[in-house]
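Next comes just one chain, in C-alpha cells: the form predicted on its own.
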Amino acid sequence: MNIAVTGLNATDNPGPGVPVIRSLRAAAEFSGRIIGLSYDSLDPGIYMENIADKSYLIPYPSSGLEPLFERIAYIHSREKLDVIIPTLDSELYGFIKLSERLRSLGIHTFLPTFDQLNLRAKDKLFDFCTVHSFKVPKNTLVSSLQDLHKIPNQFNYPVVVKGIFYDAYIAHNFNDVHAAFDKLRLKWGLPIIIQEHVTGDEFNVVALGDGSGASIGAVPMRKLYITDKGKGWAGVTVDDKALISLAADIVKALKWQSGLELEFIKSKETGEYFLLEINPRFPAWVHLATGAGQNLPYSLVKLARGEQVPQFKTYTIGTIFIRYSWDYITNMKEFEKLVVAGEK
C-alpha cells in the first residue's frame, strides 16, 4: 500500500503525523510506501530518517478545496495513493468534503461525518454531554468584550479560556481573561469558550470508532509531565475499566468513525471524570497505544479499505512514553529541493 499522512510537524506542539507513521511501519503485515503531506517546508517529519519515503507540500486549508484536490490528484498520479490519513483538526472539514472525489480516484479515507465533527466541537461539547449525561465542566461562549464582564457573575476564578480550535489559558482574574480573549480572538476567531476550572489529574484516551457505535480499541493514559502549553510530554498507560467504559459510551453516542482523543480530568474532590475535549483525530502520543499492543492507526487503514477489523481486548498496563527532542542535521540542498519543487 501507499499511504499518505499529514501533520509532520514534530515541534514542541507536535502533530500526530510522525507517530501515526511510526505505528504504520510497526505493523508486521504492512509493506509499501509512506508519503508525507506537509504545509511547511520546515516540518521535521519531512527530513527524519525512516519516516516518509517521499514528501510533498500541499496548500493550506485556507486556500480552498480545489487547490487541495488538484495537488492531491497530482501526487496520486505520481504515487498511486491507496489511503490518506489527515491528522490535523483544521484540515478535516476539507478532506471530508473531498472524500467522495478522492474515492473516485481510488484513494480511501476513514473520516467522521460533518454531524459527528460538529457534535464534539468545543462550542457544542457542553450540550452534547448534557444530553447524554456525561460530566463536563460548566462553560459559556463569549463573542464580545461586553460578554466578558458577565464572567465574574457566572464563574469563580480561576477559569479556563479556550480558543474555538486550539489553545487554552488558565485565568486567575479578569485581566487574565481579557488578555487571553484578545490572544485567542486574533488567532482563532470567535467565539471564545470560558470553562469552569476543575482541579485534579489529567487523563487521556485514544480510541478508534468503526462508525456504527463500536470501539475497535481504546488505550487510556495518565499524563506524567505537562509542558507550559499543556501538552503531555510523558505519560503512562493505566488500568482503569471505568475510564475505558466511559470512552466506549462516548464513541457509541457519537457513532464516531475514525480515530479520536478524549481528554478528561479526574476531580480531586469527587474522583469523577469530567470530559474536557474530544479531539477528532489521533493524538501526538498515539504511538504509545501501539507500543502497548493496540496499533490503532494501522487498524484505521484496514477499515478505510473496507476490511473487517477485530476489536482489541487488552493492552499492556504501565507502558510509558517520554517525548524528547534532538537536532536533526541535513543538507541545505534538501530544503531547497522542497521549497523550489514542492517535493522531496
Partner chain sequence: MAEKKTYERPVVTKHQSGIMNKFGSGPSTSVRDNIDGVLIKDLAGKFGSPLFVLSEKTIRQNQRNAYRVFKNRYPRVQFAWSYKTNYLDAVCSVFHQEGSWAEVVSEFEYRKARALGIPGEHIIFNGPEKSIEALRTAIREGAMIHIDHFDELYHIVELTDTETLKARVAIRVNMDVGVYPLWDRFGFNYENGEAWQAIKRIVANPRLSLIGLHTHIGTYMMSAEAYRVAASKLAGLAKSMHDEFSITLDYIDVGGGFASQNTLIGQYLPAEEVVPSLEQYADAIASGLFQLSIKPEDLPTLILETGRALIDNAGYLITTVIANKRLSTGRRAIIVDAGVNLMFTSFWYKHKVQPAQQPSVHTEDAVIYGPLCMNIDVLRDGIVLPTLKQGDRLVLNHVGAYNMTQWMQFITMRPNVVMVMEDGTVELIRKAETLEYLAQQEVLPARLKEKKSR
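Residue numbers count along the first chain shown, from 1. Under this definition, the rigid core comprises the largest set of C-alpha atoms superposing within 1.5 Å between the forms. Computed from a prediction, not measured in an experiment: that's the story for all the values here.
Omitted here: the form predicted in complex with the partner chain. The next part is about that form.
Taking the partner from elsewhere, every residue among D40, G94 and L141 has a non-hydrogen atom within 4.5 angstroms of the partner chain in the predicted complex. With the partner omitted from this view, the residue of G232, P112, P137, P191 that lies near the partner chain in the predicted complex is P191 [heavy atom within 4.5 Å].
Shown alone here, Q308 lies farther than 4.5 Å from the partner chain in the predicted complex, counting heavy atoms only.
Proximity of S90 to the partner chain in the predicted complex falls within the 4.5 Å heavy atom cutoff. Although the partner is absent from this view, L65 contacts the partner chain in the predicted complex, with a non-hydrogen atom inside 4.5 angstroms.
Although the partner is absent here, V339 is a contact residue: one of its heavy atoms lies within 4.5 angstroms of the partner chain in the predicted complex. Residues with any non-hydrogen atom within 4.5 angstroms of the partner chain in the predicted complex fall in just one of 274 to 282, 23 to 31, 66 to 74, 300 to 308: 66 to 74. Residues are counted as partner-facing when one of their heavy atoms sits within 4.5 Å of the partner chain in the predicted complex; in 45 to 61 these are L57, I58, P59, Y60, P61, in sequence order. In the core-superposed comparison between this form and the one not shown, I193 has its Cα shifted by at least 2 Å. Relative to the superposed rigid core, F181 undergoes a CA displacement of at least 2 Å between this form and the one not shown.
Annotation: Cα of K80 displaced by less than 2 Å between this form and the one not shown, core superposition.
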